[in-house]
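Only one chain is included here, represented as structure tokens and corresponding to the form predicted on its own.
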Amino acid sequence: MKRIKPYAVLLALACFLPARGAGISEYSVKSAYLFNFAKFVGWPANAFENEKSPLNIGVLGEDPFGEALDEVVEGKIVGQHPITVLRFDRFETGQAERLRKCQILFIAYSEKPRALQILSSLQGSSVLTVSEIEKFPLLGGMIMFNQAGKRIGLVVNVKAAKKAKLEISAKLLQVSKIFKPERQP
């Protein structure tokens, strides 16, 4: 019998957790997802300064997570990379180099007017872009939190991830909708 890893169960369960109610906040669930993305996405070696440098999760714009994200990643290590959280108030021209130091970048809804500019500035880098901005995959974003009622789902733009040289695990894809331009989310 095949042994199921605990984090795989957490990711699968996160798909079915309510976004609100029962003491679990929407952003606690989304924080768990961001942490689990670090386990289910592969980055090229050059995405890190060295084999033990931090895996940076960036939050760009008005931070909806509060302390939830910090609590989820506190003391956690993926591979040999300790997880750190970086915050950026809003996107400004010339900021792309700082954003490229992130392996995962959550683009907050407050950055919707600049989303296309942000994604363009990250072209050629291996930054996993995540947002809850509607139609985010259509803009070239990689993962969109898609809320239907009280459920939080994922829409993944596999083509954008491949272009950034990221490998998304089949386990993550199994619990996601795959973005197809002809069938917009």
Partner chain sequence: MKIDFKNLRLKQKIILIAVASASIALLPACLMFILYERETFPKIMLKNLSNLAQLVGDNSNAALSFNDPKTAQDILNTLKTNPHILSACLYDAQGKVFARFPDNQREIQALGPAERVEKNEITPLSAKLYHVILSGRETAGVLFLESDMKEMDSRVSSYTTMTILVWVFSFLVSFLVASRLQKYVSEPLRQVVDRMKDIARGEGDLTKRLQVHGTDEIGEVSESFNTFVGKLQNVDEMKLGLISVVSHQLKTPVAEINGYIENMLEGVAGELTPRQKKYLESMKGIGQDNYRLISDLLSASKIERGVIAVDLKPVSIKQVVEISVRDYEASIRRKGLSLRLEGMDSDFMIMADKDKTVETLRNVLNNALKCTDKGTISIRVENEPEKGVIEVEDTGIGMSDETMEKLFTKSRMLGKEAGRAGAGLGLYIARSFMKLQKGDIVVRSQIGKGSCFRLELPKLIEGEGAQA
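Since we're looking at a predicted model, the values are computed, not measured. Residue numbers count along the first chain shown, from 1.
Absent from the display: the form predicted in complex with the partner chain. The rest refers to it.
Here the chain stands by itself, but in the predicted bound form one stretch of 114-122, 134-142, 49-57, 150-158, 150-158, has heavy atoms within 4.5 Å of the partner chain.
For R87, no non-hydrogen atom is located within 4.5 Å of the partner chain in the predicted bound form, even though that partner is not displayed. A164 falls outside the set of residues with a heavy atom inside 4.5 Å of the partner chain in the predicted bound form. In the predicted bound form, A96 stays away from the partner chain, with no heavy atom inside 4.5 Å. Using a 4.5 angstroms threshold between heavy atoms, Y27 stays clear of the partner chain in the predicted bound form. Residues of 60-96 lying near the partner chain in the predicted bound form, listed in sequence order, are K76, I77, G79, the criterion being any heavy atom within 4.5 Å.
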